[in-house]
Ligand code: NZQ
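What follows is a single chain, given as structure tokens, in the form predicted on its own.
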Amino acid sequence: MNALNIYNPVKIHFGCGLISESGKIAKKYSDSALIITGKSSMQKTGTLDRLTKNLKDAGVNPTIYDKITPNPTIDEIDEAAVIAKKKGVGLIIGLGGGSPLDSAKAVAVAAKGNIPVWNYLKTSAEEALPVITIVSTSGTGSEVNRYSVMSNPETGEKPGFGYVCMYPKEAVIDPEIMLSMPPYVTATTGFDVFVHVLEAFTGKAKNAFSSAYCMQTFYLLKDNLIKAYNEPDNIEARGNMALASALAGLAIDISGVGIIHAMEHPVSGNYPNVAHGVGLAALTIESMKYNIAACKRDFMLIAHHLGIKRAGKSDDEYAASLIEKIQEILEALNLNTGLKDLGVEKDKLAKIAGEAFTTMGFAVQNNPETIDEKEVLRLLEASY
């Protein structure tokens, strides 16, 4: 049996209405905080106002940086880090979906250092400002893990990175905040949850701990992904999807992702208007077909957890039924699309294939089936 090292120091607060505790939680770390958020959604729903009031009531002075885009750039992160230094804040709070949360962790590192955040791809970080995450979507799992993804607008690269110092200190997961998610965001972030556990459960780095998180997530997805999409006010479905997102985030923190994420990052890196989840949706079916021979037993287990009846099917047929099920889910979520539909130009596919290796090499290596750049290009073409 291989030795295992499992570590996740994030204290999780899960429950309806818990954003009201955010001021008290923040006060434990500092009297001043920089809130990292997007440009509109948290403002429109009043969530940002609620947070700032809670902070002020607890004696924490908030500064707001609300320029984070759906695919955060290194310029945004470096700009926010400069503000954090100038204000002398002692805490970073990420508020919103995966993009603000990822950015908050990167800002926390850059605000402690003296180099641009892009340099941390090659220079390890040993310290960061404390981070609290307050998540508004059910998808990325960024609220509970160390990872951050950022885009370089000059090159189109979109790598991920994560150091131990980047773990959030505490995460607030309040399903009531998620009631405001529009259907498209519910679909794209929810499908991101599925791909996280698909790749953590089948990848080479999987182990008993990550697999346990994955199996519970598959069970939650079975009854709640489409329900949350079709019934946006269903707080039970929202809560179960929030749990699924966190569990999937814990799983990828241990066992990583695979070729689907490796290809999608350069897709949305080169085309920033492409939402991460819809990019994954365009790439998943062909990737599953490629990997099925290497992880047939895993596909069968996932099929079981998603409630697919075996009904006399052979092992090959039962494993293949998972791919059919995922195609049905994509259609139910209105995510049945190709790269061409997302505005990706065919002559960019070779560049994207190369960047899967240069910016997401760890994910390529973790894929259950060995794959080279030629095969990645073939998958991209088949997903076009």
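The structure presented is a predicted model; accordingly, all values stated were derived computationally and were not measured. In this text, residue numbers run from 1 along the sequence as written.
Unshown form predicted together with the named molecule; subsequent notes refer to it.
- Comment: the named molecule is not present in this chain, but in the predicted bound form one of C295, L91, L221, I177 has a heavy atom within 4.5 Å of it, namely I177.
- When the named molecule is considered in the predicted bound form, only one residue from S255, T133, S287, T189 comes within 4.5 Å through any heavy atom, namely T189.
- Heavy atoms within 4.5 Å of the named molecule in the predicted bound form map, among the stretches 300-308, 99-107, 115-123, 76-84, onto 99-107 alone.
- The named molecule is not shown here, but in the predicted bound form it comes within 4.5 Å of a heavy atom of S142.
- Although the partner is absent here, P70 is a contact residue: one of its heavy atoms lies within 4.5 angstroms of the named molecule in the predicted bound form.
- The shortest heavy atom separation between P62 and the named molecule in the predicted bound form exceeds 4.5 Å.
- Taking the partner from the other structure, the named molecule in the predicted bound form has a heavy atom within 4.5 Å of a heavy atom of V185.
- Residues of 255-269 placing a heavy atom within 4.5 Å of the named molecule in the predicted bound form, in sequence order: H261, H265.
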